[in-house]
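Just one chain follows, in the form predicted on its own, and it is written as C-alpha cells.
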C-alpha cells in the first residue's frame, strides 16, 4: 500500500511539473461544417509552428502546448470556446484560425478578460477595433480590397468591372474597399450583385454579367462558392479575368473548379515561389504531413503562433507585456507570409502577394510593397 501511495504521489508530482513546464496557447478553428477544410489547414499550420518552436528549445526553456477546439465557423461556438480557453485552460494568449464572424465574437471576450488574441487570417476591420489586446497577422479588408483594386486597374488595366459579393462579413467588407478604390482609380463598375453564403447556382447572375461585357470580375467567396463562380462563368463563355481573394486560396478551389481555375488571379498572403528559407521549409513540411499543398490559411496560422511565441519569449506571460512586445515587432523575417515590417494599429504590415493558377497550381504573379497599399488607411 505504501508503494502504491508513493507511486500515485510521484505521478501527481510529475503531472504538475509537466504542466508547469509548458506555456499554453489557445487555438480555435472550424474543424467541422462548411469551412472544415480551412479549419484543418489552419490547425496543421499552427501545429507545425509549435513543433518547430519546441524542437528549437521552446520558449524560455518551456515547451508550447497548443490547446485547440472546433468552432464550426459559428459565433456562438467561438464565444463558448473563448471562455473555456480563458477560464478552464488558462491560456496565456489565443490564436483564431477561424473566419471573421466567429473571430469577432471571440475577440470581444478575450479583450474583456484581459487575454491577448491574434487573428490569423480573418479580415473584418472591427476585429482589431475590439481593443488593445487584439492583433492580426493576415491582411485586413482595408488592405486586401485596396490591393485588389490596384491590381485590377493599374496592373491588369481593367476599365469595366463587375462585382459579385458574398453577403457576409468577409465578402461585404472586401468589396466595399475594392469598389471605393477602383472608382477612385478611374474604373467603371458596370454590375453589382450580392449572393448568400453557400450559394451554388450562379448562372442567372452570370448571364447578367455577360451582357455588361466587363474586362474583369471581382468575386468574393470561399473556395466552394469561388469554384462554382469560375466554372459556371467559363461554361457561359465569359472570358473576362476573374479576380479573387484569399478565400480562393485553397487546394480545394483548384480541385473543385478543375480547368476553369486556370488563369484565375487572387490577392492573398502566401507566395509559394518565395526563395526565403522559412517559406520553403514550411511548404515542404506541410505537404509531407498532410499529403497536399499548403494554403494561406495554414501559413497565416503558422505565423500567428510564431508571433505569439516571440512575444512570450520577449515579455513572459503578462498580458500587457505580451501586447507591448507584439506592438514593438520590427523586421520579423522568420515568418511565412512576411516579412513583417512592423505592427501598426495592431496589424502586421507586410507585402501583399498575388498568385495566378497555372497548370493546376498557385504561382507567383505580383507583389505589392507600396506603403499606400500595404498600410491600412488611417495609420
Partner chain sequence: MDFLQQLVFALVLGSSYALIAIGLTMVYGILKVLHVAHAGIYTLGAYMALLVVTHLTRNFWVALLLGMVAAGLAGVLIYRGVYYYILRRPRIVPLIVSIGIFTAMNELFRLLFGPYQHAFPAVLRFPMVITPYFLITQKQLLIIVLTTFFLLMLYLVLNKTRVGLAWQACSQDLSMAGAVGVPVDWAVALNFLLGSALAGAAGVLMAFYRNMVYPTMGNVVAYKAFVVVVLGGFGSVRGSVIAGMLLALVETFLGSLEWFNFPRDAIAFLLLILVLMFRPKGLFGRL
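Treat the numbers as computed from the prediction; the structure is a model and nothing was measured. Positions refer to the first chain, counted from 1.
Only in words, not in the display: the form predicted together with its partner chain, which the text now covers.
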item: Stretch from 128-136, 185-193, 171-179, 262-270 whose residues place a heavy atom within 4.5 Å of its partner chain in the predicted complex; value: 185-193
item: 4.5 angstroms heavy atom contact with its partner chain in the predicted complex for residue 227; value: yes
item: In the predicted complex, residue 113 touching its partner chain (heavy atom, 4.5 Å); value: no
item: Interface membership of residue 284, its partner chain in the predicted complex, 4.5 Å heavy atom rule; value: no
item: Exercise: residue 346 in contact with its partner chain in the predicted complex, heavy atom 4.5 Å; value: no
item: Position in contact with its partner chain when the complex is considered in the predicted complex, options 277, 87, 288, 201, heavy atoms within 4.5 Å; value: 201
item: Single option in 317, 32, 328, 314 placed near its partner chain in the predicted complex, where near means a heavy atom within 4.5 Å; value: 32
item: In the predicted complex: members of 217-256 within 4.5 Å of its partner chain, any heavy atom; value: 223, 224, 227, 228, 235, 236, 252, 255, 256
